[in-house]
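Take a look at this one chain, the form predicted on its own, written out in structure tokens.
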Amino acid sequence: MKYVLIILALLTVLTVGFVGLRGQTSRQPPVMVFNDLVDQPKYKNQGESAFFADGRQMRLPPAGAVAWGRTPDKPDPGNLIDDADYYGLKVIPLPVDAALLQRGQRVFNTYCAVCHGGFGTGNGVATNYGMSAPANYHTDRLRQVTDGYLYQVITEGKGLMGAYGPSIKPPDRWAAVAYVRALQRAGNAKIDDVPQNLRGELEKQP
């Protein structure tokens, strides 16, 4: 048993000496049995490439390609659908109808409900795993802020909330804002908010 431990110790020293430790500086590239994708073959900006005839790594998009955030009928950069179209707006610039609210519900349930909860009360499932106090949309402060403020927070993030601008397209962000407004109104609704022909069933409730 004694000799086995000595042999294991020697093998460990030899292995560490040969492979090295992560974070160790050296003029030579490290020897990694499992590199965990640390070293990846890739092209870098302004780099050279022997594969292409012009020797450049950076390539122009293929003819007819449509960049993310643009539409096929408006492919030119001047018609990019981005935040510049909505910058500084205080109210939702899209028709608020059933279709927009349904779209907003899908966006909200996909990106927002995990933290803010299905009804926007700040009790999403993430709070069970250490997320601290996501915003409750039903507070007086958030009921009084402008639509543009909610859009900006979705875009840029706030506090512990990250920015969702890269993940959610601008029209979908406005749809989410419209749905948040619907949740706020539902959470503070009065009987007068209900159409007359639908009040009968509600008035029967205890």
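What you see is a predicted model; the values in this text were computed from it and never measured. By rigid core we mean the largest C-alpha set that fits within 1.5 Å across both forms. For every residue, the number given is its place in the sequence shown, counted from 1.
Note that the form predicted together with a small molecule isn't included here; everything after this is about it.
- None of M58, L160, A53, A65 but one reaches within 4.5 angstroms of the small molecule in the predicted complex through a heavy atom, and that residue is L160.
- By the criterion of a heavy atom within 4.5 Å, C112 is counted among the residues contacting the small molecule in the predicted complex.
- The small molecule is not shown here, and in the predicted complex it never comes within 4.5 Å of any heavy atom of A99.
- Contact check for Y164: a non-hydrogen atom falls within 4.5 Å of the small molecule in the predicted complex.
- Although the partner is absent here, A133 is a contact residue: one of its heavy atoms lies within 4.5 angstroms of the small molecule in the predicted complex.
- Relative to the superposed core, Q144 undergoes a C-alpha shift smaller than 2 Å between this form and the one not shown.
- Comparing the forms between this form and the one not shown on their rigid core, the Cα displacement of P166 stays under 2 Å.
- Put simply, G165 and K42 spread apart in the predicted complex: their C-alpha atoms are 3 Å or more farther than in the form shown.
- Relative to what is shown, P166 and K42 are farther apart in the predicted complex; their C-alpha atoms differ in spacing by at least 3 Å.
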